[in-house]
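Take a look at this single chain, the form predicted on its own, given in structure tokens.
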Amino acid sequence: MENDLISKKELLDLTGISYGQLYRWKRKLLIPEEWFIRKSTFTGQETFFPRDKILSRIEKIKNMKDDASLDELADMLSPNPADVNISRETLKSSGIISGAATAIFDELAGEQDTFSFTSILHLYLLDKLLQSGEISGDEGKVLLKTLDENFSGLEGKNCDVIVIRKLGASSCILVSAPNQIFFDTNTKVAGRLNVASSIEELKAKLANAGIG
């Protein structure tokens, strides 16, 4: 676990940002509160961060801050859904979602003329797991049903979506992150995605496509 963390001092030295910048970005919600981890050391209490996540986030902020305000960056990096509605034709032409994922969605929900950001997010999560080969089409239906029935309870929170298989049957769970989950040896994790990271990716893809 210690190898997965980076101290505040090492972070500031490695990235070249100041203490003031770090906490200003925290106040602006560019860096999640839960990434600030207080731990006891031989010198007293120190602050640590998840190494890969914080280094990636700071690099992203540094690359984008000249082209967008901190408030705009906060909106892009937030786990909250964007307030957009996108037509079927616009979504199709963007190439963000594959036809295979859309067909599964249509089979369950019927063809829709417009999609909310939440619906597009569900499609995006489905598409990522389909494209990687981690889940089948039938498992994709289980995923969509689980998201439709339960996602509102975790909306705006950091969570993971997990597809599991046991003895030929598949199921899907949503769990607040970060969390370690242990299954019996007969249970296989078919696919796991962090929803907050996927929201960030999707917002960036929509922005790059000139949507929203």
Partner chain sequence: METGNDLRINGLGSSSGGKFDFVQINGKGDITGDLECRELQINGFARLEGNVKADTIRVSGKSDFRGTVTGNRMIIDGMSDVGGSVNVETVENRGMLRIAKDCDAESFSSQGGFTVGGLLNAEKIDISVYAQCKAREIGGEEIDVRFGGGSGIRKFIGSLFPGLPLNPVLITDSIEGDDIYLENTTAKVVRGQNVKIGPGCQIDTVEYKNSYEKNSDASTSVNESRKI
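Residue numbers count along the first chain shown, from 1. Here the structure is a predicted model, which is why all the values come from computation and not from measurement.
Keep in mind that the form predicted together with the partner chain is missing from the display, and what follows is about it.
Comment: 43 to 51 is the region of 146 to 154, 170 to 178, 183 to 191, 43 to 51 lying near the partner chain in the model of the complex, near meaning a non-hydrogen atom within 4.5 Å. Only one of K28, R165, R57, K65 comes within 4.5 Å of the partner chain in the model of the complex through a heavy atom, and that residue is K28. Proximity of E201 to the partner chain in the model of the complex: non-hydrogen atoms within 4.5 Å are absent; the residue sits far from the partner.
At a distance threshold of 4.5 angstroms between non-hydrogen atoms, K205 is out of contact with the partner chain in the model of the complex. Using a 4.5 Å cut-off on any heavy atom, none of the residues of 177 to 199 reaches the partner chain in the model of the complex.
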